[in-house]
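So this first bit is one chain, no partners, the form predicted on its own, shown in structure tokens.
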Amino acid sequence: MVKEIERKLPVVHMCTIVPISLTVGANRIVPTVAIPHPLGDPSKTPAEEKAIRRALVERALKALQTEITEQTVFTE
């Protein structure tokens, strides 16, 4: 599905298991926190969790703006 959408507009696949994203052919991949809580960590304070989420969204926005020629995992 990601590859079909990618034909029309850039897509970032935010996921917890990067090898699966690579296998299904996602082009821009942003690793997330954990399977039960991909965009946060309930053991953190609300402020810490907001910082985690913000960093992940900023990484995804950077990935959208980056020209790529092959599958790329954005870890920073």
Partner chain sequence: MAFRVVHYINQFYAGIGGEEKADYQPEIREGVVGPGMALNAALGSDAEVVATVICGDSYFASNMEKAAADIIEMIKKFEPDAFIAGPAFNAGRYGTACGAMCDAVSKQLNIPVISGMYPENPGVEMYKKSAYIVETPDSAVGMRKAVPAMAKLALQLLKGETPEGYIERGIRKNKFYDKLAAERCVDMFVAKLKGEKFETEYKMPTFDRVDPQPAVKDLKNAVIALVTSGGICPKGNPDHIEASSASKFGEYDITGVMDLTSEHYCTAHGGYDATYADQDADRVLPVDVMRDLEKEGVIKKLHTKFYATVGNGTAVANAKKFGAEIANRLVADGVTAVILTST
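Positions refer to the first chain, counted from 1. Because the structure is predicted, anything quoted here is derived from the model rather than measured.
Beyond what is shown, the protein has a form predicted together with its partner chain; the following relates to that form.
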Given that the partner is absent here, does residue 38 sit within 4.5 Å of its partner chain in the predicted complex, heavy atoms only?
yes
Contact of residue 48 with its partner chain in the predicted complex (heavy atom, 4.5 Å):
no
Even though the partner isn't displayed, in the predicted complex is residue 69 close enough to its partner chain, meaning a heavy atom within 4.5 Å?
yes
Near its partner chain in the predicted complex, with a heavy atom at 4.5 Å or closer, the residues from 19-33 are 19, 20, 22, 23, 24, 25, 27, 28
